[in-house]
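Consider the single chain below, provided in structure tokens and representing the form predicted on its own.
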Amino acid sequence: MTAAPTQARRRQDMTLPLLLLAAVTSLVLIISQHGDVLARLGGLGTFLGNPLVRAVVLSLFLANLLFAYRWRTQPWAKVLVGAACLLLVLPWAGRDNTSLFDTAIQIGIFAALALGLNIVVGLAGLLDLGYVAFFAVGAYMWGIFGSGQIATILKYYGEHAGATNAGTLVIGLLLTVITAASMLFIRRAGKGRAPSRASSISFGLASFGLVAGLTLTGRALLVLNAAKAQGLATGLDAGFFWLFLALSIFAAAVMGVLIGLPVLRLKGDYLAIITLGLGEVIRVLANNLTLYTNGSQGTPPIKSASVPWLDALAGRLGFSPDQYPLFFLYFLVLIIISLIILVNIRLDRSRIGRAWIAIRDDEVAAQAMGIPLMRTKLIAFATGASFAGIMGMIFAAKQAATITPESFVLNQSIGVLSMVILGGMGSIPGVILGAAVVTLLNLSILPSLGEATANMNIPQQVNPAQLQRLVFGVILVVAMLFRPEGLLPNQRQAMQLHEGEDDNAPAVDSIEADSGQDAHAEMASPGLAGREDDERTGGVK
């Protein structure tokens, strides 16, 4: 087949097929989630009500978003399908089946996590296996203050106040300010010069003083507010939810810097191992610091924010009061995902984004070009951590009942990393697709497959109900064998993987090429100049 018919076929307008497919899958999704309608459909209703069929229908419905992005259609059709699917059909179907809402929120949470890890791994090339630690920081940030656990902590400090009083608070604040100012002064005085032994010792002492000042301040605040423990039996007022959204971002970013400072001098396998260990340290701390986290028993019930006008809207749309929190969190996740995508796009096209890519491709060359390695890596670490922090807080609010350290095990980090690799490292739409595929497999398709085959006369050794992890692994292996660059690869990554296979062919399945841009024009991007077979090397005289 020649290239011309292929390009002509790609340019074929797919607006009508997209609209028809979206209409059909939306209708089937709504019917498959509505119990009364299924009961009236008899055998067809029984078929559509099968858990496995429901999972497949949900997957086909979400595929509309992928088709709207990939297919050549009118812009208004893309917007219409995206808005109708996310803002109308999915909430409508979720009203009849709350688990659908829960799955949609989980997909959004993992998509944000994957976008954050994509910055660290996909753009900056820093293999982080402890990413879930930042997720845990955000979750416990609200899990402690948004539940009765804060009352337990205040009560303890009230009973063990010791000599702590208002004077301790003043000393702690002064120590914090002085040591922070000292650190800034030492850093500014040594700018442009190699650190001396004296400056290193001074900076270390100032850091120790800063930690001591923060500790004194925190303890004094807890002791002085111990009398409020009884009024906080169910946690802080839900109105503080918005403040803690910002605090969770800040806390996770600070944690990212604190973890990154000692480990980012390493790279490759060494960095992976040490981040894996630090991720486990956070989980073990959450398990052992029972005063603050309630250990393995988990935190008390956690509050979520309440938005009166949104609750009223949900009520008028037929949602029950117990569905209001999910209704709110669903739209909050959509807003945050939109902001995170926007930030990712801006970073990818910014100077810092190009610096990350330069470090990923060749760290020595990047340093020779004047890129500050440690600072650039720390920004990547802190940015990725902040995305995990805010999603950790939303995860805690969604859980409502409790969060336990077992929610932040190593497998979570591996799962998010698999989303990034499966979707395509460095590709924003790719990692979102990877997150959706992996989450649907884990939460919907494989459990439904196991449920559908549980009562069949299949030997236990080969019954999919007992082999869900094996099936999941086989799917990932097959996907990586046939799509090593990812499902929606970054064009630069795809070209590097397929370099030398066909110099005249456009970038393999590149997003830009399928979206109608000239693939050869994209190949002329900095560092990857296009070259034809008959073109002389060494430039044109």
Partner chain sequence: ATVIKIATLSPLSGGQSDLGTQIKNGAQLAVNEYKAQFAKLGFDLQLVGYDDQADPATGTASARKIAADKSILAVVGTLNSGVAIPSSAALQPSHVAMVSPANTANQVTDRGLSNMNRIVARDDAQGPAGANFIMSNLKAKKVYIINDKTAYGEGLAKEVEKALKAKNVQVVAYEGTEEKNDFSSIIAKIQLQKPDAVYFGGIYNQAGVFIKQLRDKGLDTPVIGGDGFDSAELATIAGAGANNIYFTTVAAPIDALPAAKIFAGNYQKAFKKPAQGFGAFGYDAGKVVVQGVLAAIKNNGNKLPTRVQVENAIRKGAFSGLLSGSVTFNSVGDRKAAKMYVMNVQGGKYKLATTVNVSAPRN
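Keep in mind that what you see is a predicted model, and the values were worked out from it rather than measured. Residue numbers count along the first chain shown, from 1. Think of the rigid core as the biggest set of C-alphas that the two forms share within 1.5 Å after superposition.
If you look for the form predicted in complex with its partner chain, you will not find it shown, but the lines that follow are about it.
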property: Segment that reaches its partner chain in the predicted bound form - one of 79 to 87, 222 to 230, 166 to 174, 279 to 287, heavy atoms within 4.5 Å; result: 279 to 287
property: 4.5 Å heavy atom contact, F244 to its partner chain in the predicted bound form; result: no
property: D311, heavy atom within 4.5 angstroms of its partner chain in the predicted bound form; result: no
property: 4.5 Å heavy atom contact, P447 to its partner chain in the predicted bound form; result: yes
property: Contact test in the predicted bound form: Y330 vs its partner chain, heavy atoms, 4.5 Å; result: no
property: Three-residue site F395, A454 and Q460 fully in contact with its partner chain in the predicted bound form at 4.5 Å by heavy atom; result: yes
property: Single option in A401, I201, I335, L317 placed near its partner chain in the predicted bound form, where near means a heavy atom within 4.5 Å; result: A401
property: Candidate from S306, Q74, T215, S99 lying within 4.5 Å of its partner chain in the predicted bound form - any heavy atom; result: S99
property: Interface residues of 314 to 329 toward its partner chain, as seen in the predicted bound form [heavy atoms, 4.5 Å]; result: D322, L326
property: Rigid core superposed: P459 CA moves 2 Å or more between the shown form and the other one; result: yes
